[in-house]
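Heads up, what comes next is one protein chain in two forms, each shown on its own as structure tokens, labelled structure 1 and structure 2.
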Structure 1
Amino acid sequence: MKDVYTLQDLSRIQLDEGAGQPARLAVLGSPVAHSLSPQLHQPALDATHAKLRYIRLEVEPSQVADALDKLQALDFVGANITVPHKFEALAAVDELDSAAHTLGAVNTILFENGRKLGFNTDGPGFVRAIHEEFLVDVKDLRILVVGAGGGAGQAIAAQCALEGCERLVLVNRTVEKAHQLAGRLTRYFESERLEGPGERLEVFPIDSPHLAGETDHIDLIVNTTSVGLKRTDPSPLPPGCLQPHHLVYDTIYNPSPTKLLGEASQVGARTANGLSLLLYQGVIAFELWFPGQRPLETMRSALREAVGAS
């Protein structure tokens, strides 16, 4: 058995060599070796006596559709999709659920009756994670999303809009992508309030000199970029943006703490990393693959053990 498989390994012989259980679920990413998804899902599979194995699959950009075809031919139940493949997966499925369509990215695949069904559990998982970490509801917050052009960033931002959050600020290095997302989300901020949608929904480039001032009017800062995956990475935010009243959530969970969370703690802000998002998006995905199962506590215990062992 391998820690990470590739497309070249996708045959029954190579997948199941030396394994007591057949591989039927996978996480697709690049890189994917750091993913804790197997440690999260395998105990839940074992608890259901499914006798199946969950694997990591390294997939290069432009290979997602091919990988999904191969997994489907091998009778896989489904797959999780992580960076940078969530947009590519959106185009590779046969059918989207309404949430994935609205959120604009796919992170969960279900193979059913010869079709690839696409879902997004990032948005709903994020809502549950924020409530667990900070005991507040997304709908009551003024939120700034860093990396709003990426798959996770778009899904989380769209979910915030769907929840009716008080204010949403989209920040991205390529500002055109954030403006495109804002165009899709404007209708969720039109209301009877005195302020217009432009005041409740705004877009800034990451290097804007006005960004630090905008954070005066923000409750929750969310990093959805990959900046922080390496211990040598800087903070994804320019200096002066973090304040003591902020809640700061970094979707990166390894390494922990990231530079962003370290700086936030230093100024007195409350912080949390992406483990809770990993937990809840995983729970929702598992329930899609195996309806009627309730894996939350099994997955929570497994995740704590995996983090403690890392």
Structure 2
Amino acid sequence: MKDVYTLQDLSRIQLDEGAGQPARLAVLGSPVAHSLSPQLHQPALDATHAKLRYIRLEVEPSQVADALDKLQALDFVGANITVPHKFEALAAVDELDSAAHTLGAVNTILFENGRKLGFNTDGPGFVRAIHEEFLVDVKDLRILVVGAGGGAGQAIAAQCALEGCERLVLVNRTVEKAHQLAGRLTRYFESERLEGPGERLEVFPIDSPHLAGETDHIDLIVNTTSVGLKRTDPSPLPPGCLQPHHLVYDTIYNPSPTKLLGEASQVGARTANGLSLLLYQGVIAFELWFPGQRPLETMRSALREAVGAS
């Protein structure tokens, strides 16, 4: 058994050598060695008595379609797709669910009747995470997404639009990327139901002097930038943006708390980190592969163990 398999290992003999349980699920990424997906899914698989194994598969860019064909031929149930392959996977499937279509990326595959079905559970996972953390619904909130040009930011922002959130403010360092996303999401914000100042869909560069004032009219701030991954990183937001009425969600869960969440707690805002997003995107994927299963509590404990949380 290996920690990480490659395309060359994709034969039944190679995969199952020395393993009690046949590999039938995989996470595809590059690099993939750090992925927590096996720790999240294997205990849930074990709890179903399915006797299947979940593996990591290192796949180079441009090899995603080939890898999926091989997994399908080997009778895999499905796969997760992680960075940087979520866009490439979109083109490699036969059918897309509506979230994957709108989000423009696939993070979960189900092999069914000779077809590859593509889903995106990041957006729906975010909605469930916000509900669990703050007991509120995304659709009722005025939301600011910082990092709206990156993959995670685009998925979360698009899901907020799909949910019909009250207001969406897209913030990015490279502001053109946020404008492009706003162009794709405009149709979700055509009604004028918002009371108060500001448009329902707006874009700001991250260094805009108007950003701090703008957050008066925001309920939920979501960090989807990579700023905070290093312990020495600053907050991704300029000073003066955080207020006591805010809910602040950082998709980064390690280190925790990030500078952003530390500052948010200091002003009296409620905070949560991205572990719940990781949990729920996994739970929704598992439920797609094994309809009727309820893996939530098993996966919650597995994740706590994997990240060393209590």
Ligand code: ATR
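Numbers follow structure 1, counted from its first residue as 1. This is a predicted model, so every value here is computed, not measured.
Query raised in the report: Looking at both, which one would you say is the form predicted alone?
Result: It is the first structure that is the form predicted alone.
Query raised in the report: Rigid parts turn against each other between the two structures - so which of L168, A44, D122, N172 is at the hinge?
Result: Residue at the hinge, from the list: D122.
Query raised in the report: Quick one: degrees of rotation for the smaller rigid part between the two structures, relative to the bigger part?
Result: Here the smaller part turns by 18 degrees.
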